[in-house]
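Consider the single chain below, provided in structure tokens and representing the form predicted alone.
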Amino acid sequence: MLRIILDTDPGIDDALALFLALASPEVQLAAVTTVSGNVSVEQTTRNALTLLTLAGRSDIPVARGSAQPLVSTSIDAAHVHGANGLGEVDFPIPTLEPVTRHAVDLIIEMVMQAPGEITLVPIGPLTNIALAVRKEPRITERVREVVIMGGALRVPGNVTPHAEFNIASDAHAAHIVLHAGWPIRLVSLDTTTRAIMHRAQVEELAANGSRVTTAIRQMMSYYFEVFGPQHGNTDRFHMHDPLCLAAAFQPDLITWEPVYVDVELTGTLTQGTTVGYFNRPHTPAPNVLASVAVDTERFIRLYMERVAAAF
């Protein structure tokens, strides 16, 4: 069984990724750590607790993490996910509380205590992960793998013409993580923008009437009815974070290519851009396995079957 720490900034698609982790028998969700990103860390922490309460999983520790990026000014995506990050759904106050340890310390503790067992799955800005590797560099030798949702290598960005949100939110943290020397799978917009769930599939998923699938429909209705129409989209939802989570336990959903990836830190208009050196001579050795293609039909079928069966 794969032991995962999910580092997250819920976020609608983060919520869907969390539910997939809980629904997958291959996965033991060891902890959830939160970070500022889609909304503030206060809200992302509350959201993580809310989602676990909804799923009946009070056994999973939640640790609050970083409130600010390492260097740059905070940005958010509340216009996409709603002011509360979960599509403005009025969920009950969670019955769970976060643990007292900071997310960075919990990550270090778990990785160091279980060499080769923990997979880190950061699906938000990489602030916590960068701070963890700076505070305890030995985790690079003890982690099993780091599976990151972030970057745009051969496709446009989604926060600027070149930069993807998670990387742009803390480019300096991303630079640290990408150059830390540990095994990385990078699940970028190159594949997540192809992993589309349609509104009819959401309705099909929610047909069982469970609390979780009903919440999924409610959250995604905000995207389809409020954010989407502003961009000519009322039917398609990009499953960015759920695809990354799935890639951690079923990597064959994706076609991977070893490549050297760096992050732009100083460009006035390009900060946070991920630059992939595909088929370029005289470049450094690859530091990631980059996602270049995805079996979308198989992934969406997996998602729907797992979540419908579990909840």
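All values reported here derive from a predicted model rather than from experimental measurement. Don't overthink the numbering: it's just position in the shown sequence, from 1.
Heads up, the form predicted together with beta-D-ribofuranose isn't pictured, but that's what we're talking about next.
- According to a 4.5 angstroms non-hydrogen atom cut-off, is residue 123 in contact with beta-D-ribofuranose in the model of the complex? Yes, residue 123 sits close enough to beta-D-ribofuranose in the model of the complex that at least one of its heavy atoms falls within 4.5 Å.
- Message: Can you tell me whether residue 34 touches beta-D-ribofuranose? I mean in the model of the complex, with a 4.5 angstroms heavy atom cut-off.
- Response: Contact with beta-D-ribofuranose, no.
- So in the model of the complex, does residue 210 come within 4.5 Å of beta-D-ribofuranose, heavy atom to heavy atom? The answer is no: residue 210 has no heavy atom within 4.5 Å of beta-D-ribofuranose.
- Taking 4.5 angstroms as the cut-off for heavy atoms, does residue 165 touch beta-D-ribofuranose in the model of the complex? Yes, residue 165 is a contact residue.
- Message: If contact means a heavy atom within 4.5 Å, which one of 199 to 207, 77 to 85, 131 to 139, 225 to 233 is the stretch that engages beta-D-ribofuranose in the model of the complex?
- Response: The contacting stretch here is 77 to 85.
- Item | Among the candidates 195, 189, 173, 111, the residue which, in the model of the complex, approaches beta-D-ribofuranose to within 4.5 Å (heavy atoms) | Selected option: 189.
- Query: Looking at beta-D-ribofuranose in the model of the complex, which residues in 223 to 253 have at least one heavy atom within 4.5 Å of it?
  - Reply: 240, 241, in sequence order.
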